[in-house]
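First, one chain by itself: the form predicted alone, in structure tokens.
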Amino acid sequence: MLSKAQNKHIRSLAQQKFRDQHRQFVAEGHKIATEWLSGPAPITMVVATNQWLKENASLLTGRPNVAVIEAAESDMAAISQLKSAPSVLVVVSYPEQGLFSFDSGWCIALDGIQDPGNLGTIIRIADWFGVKSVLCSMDCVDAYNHKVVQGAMGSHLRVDVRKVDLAATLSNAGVPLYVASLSGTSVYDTRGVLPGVLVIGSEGRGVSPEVLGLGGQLITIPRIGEAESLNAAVSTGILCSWLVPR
């Protein structure tokens, strides 16, 4: 059964300082837990109800180093960050990350994205289009924030997400930069696009002056109606659908 120490540890991972300290985060719910357990993810702990453990025993075979803990529904409610208590959650270690390279095709760079739902969706969009890397500026929301993890729906498994000094990193990219901007050239007028970095700015202020100063190609999604702006994740999806497959 779930101990008090384990209960406390899992609940502490709701805060970034403890996630960074232990280099662990939590993913909740059957669908997401199944995604993580079906691959080689560095899972350290599975906490689930008795019924879930019985019905999904095959997912736990061959994982001798994973602590499997049965918990009552009341305990699941106490440690969960969801509105409705899940039947399972997993504690996952941060992935090991080597040196980053721009040689693996398209990359998405995020400048100051603050909304965790947006970041989670963007990671999922990257996964959908086969974009292997998402670079986040230092002032972006934490990639292992609970809402980010839930929104990404397991796409962290296939997308390398890391925080960097964005302007410094992009200045040495050696590949084209395509910067989302309200004043850019219509993305639908682009032809012969080479793989590079798609830069998306924050929900409020857009791309920072430091990144704009790097001289990338400004691109925009033409506005037909009267909306002031587009959601950052929606913009990312539209731009990827035109740029990446070409």
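One-based numbering along the sequence shown. Please read these numbers as outputs of a predicted model, since none were measured by experiment.
Keep in mind that the form predicted together with another copy of the chain is not shown, yet the notes after this line are about it.
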item	value
Residue contact check: P176 to another copy of the chain in the predicted bound form, 4.5 Å heavy atom	no
Distance check, W128 to another copy of the chain in the predicted bound form, heavy atom within 4.5 Å	yes
Partner contact for S155 in the predicted bound form: another copy of the chain, 4.5 angstroms, heavy atom	yes
N231, heavy atom within 4.5 angstroms of another copy of the chain in the predicted bound form	yes
Another copy of the chain: the contacting residue among L60, A67, L182, V193 in the predicted bound form [heavy atom, 4.5 Å]	L182
Site check Y188, R223 and S241: each within 4.5 Å of another copy of the chain in the predicted bound form by heavy atom	yes
Region of this chain that lies against another copy of the chain in the predicted bound form, out of 108-116, 128-136, 91-99, 164-172 [heavy atom, 4.5 Å]	128-136
